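Take a look at this single chain, the form predicted on its own, given in structure tokens.
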Amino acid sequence: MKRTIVVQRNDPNADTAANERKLAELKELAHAADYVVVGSLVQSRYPDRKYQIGRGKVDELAELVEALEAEKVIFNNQLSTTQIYNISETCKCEVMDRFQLILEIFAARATTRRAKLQVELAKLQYELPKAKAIVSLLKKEERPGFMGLGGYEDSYEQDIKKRIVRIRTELLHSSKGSELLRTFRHERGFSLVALAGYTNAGKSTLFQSLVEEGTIVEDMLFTTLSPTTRSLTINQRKMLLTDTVGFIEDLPHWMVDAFRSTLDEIFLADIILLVVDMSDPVDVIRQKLVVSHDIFWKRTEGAVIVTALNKTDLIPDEDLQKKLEVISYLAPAPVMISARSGEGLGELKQLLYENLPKWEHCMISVPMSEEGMSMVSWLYDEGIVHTIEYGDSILMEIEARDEIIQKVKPFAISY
């Protein structure tokens, strides 16, 4: 595990609590990437064009690197190629920024072809505006680092653009496959529910509690990169529950777009189950809710948003009520749960059931025959049989999706 120092430049007059939260998240990201954070350095000032932080602070950073035997420096602020070069020259070690760190984590955890393509697309989109500067600096001297700063040709920028086009085309075909899969799942009677929310909100723990199986649950960012889907039945309604990649703070739009095909699991769902960590400070909760709804806005296709306020067992009732009052306009009719203890999961399941796409009710009469019994068996598989009476014919009150109701319409006696 590499020893690393994290650095953050804060804008003057910026919110102190928000700055502390961002630095804490950076340390968690570094931990998720298997780095050991041995030191940190913070400076409040406007950005320096050559170093991001001040020149004197860079010298202080270099001394810290030497004293702590650090092998890498990670900035929370986005760095230009020139800034990375200048800082690494002074500190004599690898330097990266927060977005490169995120891409490194994604690259290490991508297991499917689609996930790997998305990571490569995000990496190329990050590098494209820097391509000319990278080539210019490489002509001076090769530099080590995550971006693989070596072996670039003058045509690097054109190569990036061509590769971006090829990946987008392949992901487009992949997304069409996802839409066909969604249609197929609907035809098989499954409604689609996607877990969404920030990392460490408890999504994977909730997923595990709802489907009652061993999903990987760690106190670490990005334990879920490739979506995981399992079936779930509530009040005889079948649904597919998908655990998705978590949101993080200040995620740029180009990165959201790069991971669009993974996030489609959220955007194409019938219900988005938005999980919120209520143990966060209330201003953090409010900010995360705002960003989450901003991501959903214009990208979803009529999905219902159900908000689950998680980790309520960790805070006193009085504090919980105060937080509820502040966020009520962002989370109407939420359900309060503890995914770890199981508290509130019954109410959550009922809320999911009530928000599923509506099915039609119908009373039918089918012949008492071998064909009639076969139809009864089929209806038990495809819908919900509320009542059944056997006599000269078989009277059934059923609830099912429209395609099934249309097929039994010749036997209907009332709707």
Partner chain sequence: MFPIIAVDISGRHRINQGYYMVCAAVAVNVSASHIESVSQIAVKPFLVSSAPDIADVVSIIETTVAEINYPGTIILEHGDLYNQPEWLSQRMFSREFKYQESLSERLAIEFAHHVSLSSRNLLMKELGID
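Residue numbers count along the first chain shown, from 1. Just so it is clear, the model here is predicted, and its values are computed rather than measured.
As for the form predicted together with the partner chain, it is not shown, yet the points below apply to it.
Only one of R113, H173, K92, K298 comes within 4.5 Å of the partner chain in the model of the complex through a heavy atom, and that residue is K298. Between the partner chain and the residues I305, L124, I234, I315, the one pair within 4.5 Å by heavy atoms in the model of the complex involves I305. Of the candidate stretches 341-349, 114-122, 93-101, 286-294, only 286-294 has residues whose heavy atoms lie within 4.5 Å of the partner chain in the model of the complex.
Using a 4.5 angstroms threshold between heavy atoms, F184 stays clear of the partner chain in the model of the complex. Among residues of the shown chain, P129 is not one whose heavy atoms approach the partner chain to within 4.5 Å in the model of the complex. Using a 4.5 Å cutoff between non-hydrogen atoms, P332 counts as a contact of the partner chain in the model of the complex. Within 4.5 Å of any heavy atom of the partner chain in the model of the complex lies no heavy atom of Q158.
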